[in-house]
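Single chain ahead, by itself, as structure tokens, in the form predicted on its own.
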């Protein structure tokens, strides 16, 4: 469709579920109650590393109202996780303080809580290790003895070009070490699920998962060990109170609910308390990053070398795979011809980590963009100009073999410079400073599984109302809204006439899950494919009714009409109702499965694994109090290359939310662990930013038409949080001349750096 003729796409349509949420009609997992439902509770480990000598559950079993007590010793073995090194309930030993030791199901949550307190566990404490560099040393305690090492045997290495030769040819080189810490997702809705077996042994699972169809596959393994391998699993998604990657895996508590439900033959609900949400879910993993970069005398990048150590924690979730995404900015943010990257994921007795918004990109970009400012200074080039010199361009192929179609990185950088009044404000060193940082992220899906596909079924009823059954999952980002918009655009009907159904695996077609900012790109392509089939069928039926050719027919505002003779027309609902009374009556519906022609990364970690790539630049002006080290953000601008904005209001909402998450990552958020124990498991002590902390902020959309995207669009869900931390760090350096290299950038760290600088001066 011609870009200028769009009627619904590009408009700020409110979220379809907004009224349900603000009126309290949206049902979250906490709201669901089934007849005869029991309540599950989990007993967590008292030690970060210990042998389990004995578990006494007798008192808990005798407590009135308790219907089941499970330990790792009275359940069949179920192994899961990326390395299959995790189990629902632990036996033999525990490896973290969030390890699950026992579980109960009772008629009341309070009874379940009391039963847990009655379980007595005898432990033999073992030597523990909490520093990943120490965990790699000879003689360090082994977390999983069967591996013979604490270093995961994952070959994270990317080589492009010849870095050593490029070093010899470089005019300027900088080298430094940067660190990031644990931060958690802070979803407003805590984790929870309900497992329920019908009399025939089929499982219905009420869930807040981001991967309903992959979860089906994982849970099938659990059913096999229960002797139920031939039974059906139905996943029903409730409204999800925040995802951000936290629900991209299957978790021990979900298997525990299934085991308790099978043991009792009654529905079992497990819902975390807020403290459990902090202590017992998986955060963003910490990193130690050594980065070296070089450029020639004109400021053109010559090489980038990065070596990382990641704290894997006691078990392996999806956190261990983030190096595959970290490679993306390391190899392809700016034009850098020679790249060397290695990463080691290391077992420790800390909490284990998983996916979180950006999936490793914020950690990698933190080091890259701080280093870019350092290199620009070494070369004597303005940091903004340095980025423009090296900006990616449309049509290029990166060292990782990414095919860049549309790219407006240069325009993003220039717009940030304009909005910050960069040339006038930079370099004053008067306590105020400006900084910027850029990003690249997948914007057209990401083939991290063999399929990156999504299915859609479109059905239209007798009154011209459309039902769209999509495999896509909505975690608050507005997936149902943008899908409704593209379907309405294709059919020429009001968006209010489109209903999107997404939450039931018995009803909806398959999808690989909501991750990698893929939903708008992949699910909308799928919805468009199914809708075009439906439209073709409608026009064929209308041609027979109106006595004209299909080619001259179109639909607008619910009316099928001839473009040559507007008097020949019929209301859509009337046409469809008439179809059922013909001798060859039929329903009008169609299905479509979209899977882009991308590839999985090969053994060298190269290949075009996304159909399109999103870019952006964030800029910030700060004021630093030299007496206290306090950093105040005076202005924050976020400029993003989004392709065509299908819904600019929702995109800006994603950017605002992402930027605030990134600012928290930069300045305040930190999970404080002491010997594996989390010391700040609540919103009082974990310093998440709130609405009152939002600085003056502006989101700007740059819209280069992405020819490969649905209506020219790219994905945008994750990028908003990626460049915030380095932009702020760069601004602080511009303001007072100190560079903080480990997150978060607290007043204490700034003040210490200022005092050290004064001592050197």
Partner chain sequence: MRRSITFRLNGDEVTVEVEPHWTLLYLLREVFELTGAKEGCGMGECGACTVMVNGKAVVSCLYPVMEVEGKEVWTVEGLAEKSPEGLHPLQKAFIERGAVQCGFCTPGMIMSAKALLDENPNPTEEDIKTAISGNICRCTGYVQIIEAIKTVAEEGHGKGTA
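Positions refer to the first chain, counted from 1. Just so we're clear, the structure is a prediction, and the values are computed from it rather than from any experiment.
The protein also exists as the form predicted together with its partner chain; that form is not presented, and the subsequent description refers to it.
- With the partner left out here, its partner chain still marks one of 59-67, 40-48, 693-701, 720-728 in the predicted complex; by a 4.5 Å heavy atom cut-off that stretch is 693-701.
- Against its partner chain in the predicted complex, the set 5, 492 and 708 makes no contact: no member has a heavy atom within 4.5 Å.
- By the criterion of a heavy atom within 4.5 Å, residue 682 is counted among the residues contacting its partner chain in the predicted complex.
- Contact annotation: residue 601 falls outside 4.5 Å of its partner chain in the predicted complex, judged by heavy atom distances.
- A residue is said to contact a partner when one of its heavy atoms sits within 4.5 Å of a partner heavy atom; residue 21 meets this definition for its partner chain in the predicted complex.
- Interface membership of residue 607, defined by any non-hydrogen atom within 4.5 Å of its partner chain in the predicted complex, is ruled out.
- Between the options 274, 632, 175, 569, the residue in contact with its partner chain in the predicted complex by a heavy atom within 4.5 angstroms is 274.
- Between its partner chain and the residues 391, 186, 211, 575, the one pair within 4.5 Å by heavy atoms in the predicted complex involves 186.
- Contacts between stretch 651-670 and its partner chain, counted in the predicted complex as any heavy atom lying within 4.5 Å, involve 652, 653, 654, 656, 657, 660, 661, 669, listed in sequence order.
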